[in-house]
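Single chain ahead, by itself, as structure tokens, in the form predicted alone.
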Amino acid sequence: MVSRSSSKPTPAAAGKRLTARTADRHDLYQRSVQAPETDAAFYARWFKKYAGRELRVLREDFCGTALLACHHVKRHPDNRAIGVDLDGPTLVWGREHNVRPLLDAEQQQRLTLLQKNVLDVQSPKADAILALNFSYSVFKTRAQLAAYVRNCHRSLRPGGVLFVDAWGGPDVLRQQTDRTRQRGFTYLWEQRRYDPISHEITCAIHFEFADGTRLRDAFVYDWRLWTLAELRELFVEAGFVDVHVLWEGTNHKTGGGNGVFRRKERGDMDEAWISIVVGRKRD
């Protein structure tokens, strides 16, 4: 999982020397992986381009701490967000550390957090649904993922858009651990196991600190690695139109992604890549 965060430490974490005992795994995740202000602006911009209207109602599936949903609400007084996640304690953490510090009372009224299965939620209808950080990969069979994509289609307003990110490339299939320095700690992304028959993949996030302590298996992911071809087919079968891929360009100095996404019909033979699959519901 690419480390690309521009998030600041939460107030609770600010000023503390981080150790495995004092650190908060959700705070570390947000600081390592998420860039909510950038992402909120990105998806609003692309939605307007494809749908021809402003993105007002956003649904963040597998929302976790709902950080992106909060930033969408902050962007405009007419914006509303729905966050959906099964994990109650994570939603409670998000309310305490993200919703209350980031949003005033009026803004909080425009945010709805639902502790529900994403397969069971169809209202309120959304302009856009986002399933990011490969979270939909918890669905390991085609039937399960197809049911999810169909439910997203039913949950969108006419002209609404579904965005899901995807990853791949030869580098993703290797057993390895990538390390990224953050302020006060090191973020580790471990690719632990990959099965080429089932496409099941196990990954984990760890954190290391200056005092030598380590927060191991802070997050562990038991996923299926889905291909772009499979995702596009499922979008079309569910009724989405203008299904396409936004492909991230390459930073030629580092060899990694450059954060610039463009619509492409043919991908590049990159060692590792991140893309976004996009589909629109008919008006």
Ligand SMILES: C[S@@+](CC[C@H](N)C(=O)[O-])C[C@H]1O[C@@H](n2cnc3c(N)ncnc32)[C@H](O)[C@@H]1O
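Computed from a prediction, not measured in an experiment: that's the story for all the values here. In this text, residue numbers run from 1 along the sequence as written.
Form predicted in complex with the ligand: not shown, discussed below.
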Answer option from T213, T180, Q107, N133, heavy atom within 4.5 Å of the ligand in the predicted complex: N133
Of these, W93, W167, Y194, F139, which has a heavy atom no more than 4.5 Å from the ligand in the predicted complex? F139
Residue-level question: is Q175 within 4.5 Å of the ligand in the predicted complex, judged on heavy atoms? no
Is there a non-hydrogen atom of K116 within 4.5 angstroms of a non-hydrogen atom of the ligand in the predicted complex? yes
Is D85 a contact residue for the ligand in the predicted complex, using a 4.5 Å heavy atom cut-off? yes
Is there any non-hydrogen atom of Q34 lying within 4.5 Å of the ligand in the predicted complex? yes
Quick check for you: of 40 to 48, 53 to 61, 231 to 239, 247 to 255, which stretch puts a non-hydrogen atom within 4.5 Å of the ligand in the predicted complex? 53 to 61
